[in-house]
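The chain that follows stands alone, in the form predicted alone, written as structure tokens.
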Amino acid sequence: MNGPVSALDPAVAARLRRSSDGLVAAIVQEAGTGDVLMLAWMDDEALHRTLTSGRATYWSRSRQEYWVKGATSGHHQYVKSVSLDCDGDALLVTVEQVGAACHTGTHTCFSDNLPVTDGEGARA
């Protein structure tokens, strides 16, 4: 990825373990309900913009550009907190979600439950 030079705090940047394309997974959780809403991707600049604007900003791998959640859809994410996991390879972004989080129009992207068994064939 060839994004702009980021103004992300160097101490924060040093803690990130990025994928080969320079990205870190951002798991998005709703502050009020605890619902896991979506997974998106951030590079250093997207994280910097998120931390300094209070608006969730991501890197679109398909469009190869930054996007602020809600800029076109009106389904905004107002950032309440951002946490880095112990390995530095994932972020937890806690937000106040306005409208649907998923591009399909649903509240969460994680609504397609898969069957789970206990290893002996019984449903868990």
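All residue numbers are counted from 1 along the displayed sequence. Not measured: the values here are computed from a predicted model.
Another form, the form predicted in complex with another copy of the chain, is not on view; read the next lines as being about it.
Mark residue 109 yes when one of its heavy atoms lies within 4.5 Å of a heavy atom of another copy of the chain in the predicted complex, and no otherwise.
Residue 109: contacts another copy of the chain in the predicted complex.
Using a 4.5 Å heavy atom cut-off, state whether residue 66 contacts another copy of the chain in the predicted complex.
Although another copy of the chain is absent here, residue 66 would stay clear of it in the predicted complex, with no heavy atoms inside 4.5 Å.
Answer with yes or no whether residue 47 is in contact with another copy of the chain in the predicted complex, where contact means some heavy atom within 4.5 Å.
Yes - in the predicted complex, heavy atoms of residue 47 and another copy of the chain come within 4.5 Å of each other.
Taking heavy atoms and a 4.5 Å cut-off, does residue 39 contact another copy of the chain in the predicted complex?
Taking the distances in the predicted complex, the answer for residue 39 is yes, it comes within 4.5 Å of another copy of the chain.
Contact test, all of 27, 104 and 116, partner another copy of the chain in the predicted complex, heavy atom 4.5 Å
Yes: each residue has a heavy atom within 4.5 Å of the partner.
Using a 4.5 Å cut-off on heavy atoms, which residues of 65-96 contact another copy of the chain in the predicted complex?
Stretch hits, in order: 78, 79, 81, 82, 83, 84, 85, 86, 89, 90, 91, 92, 96.
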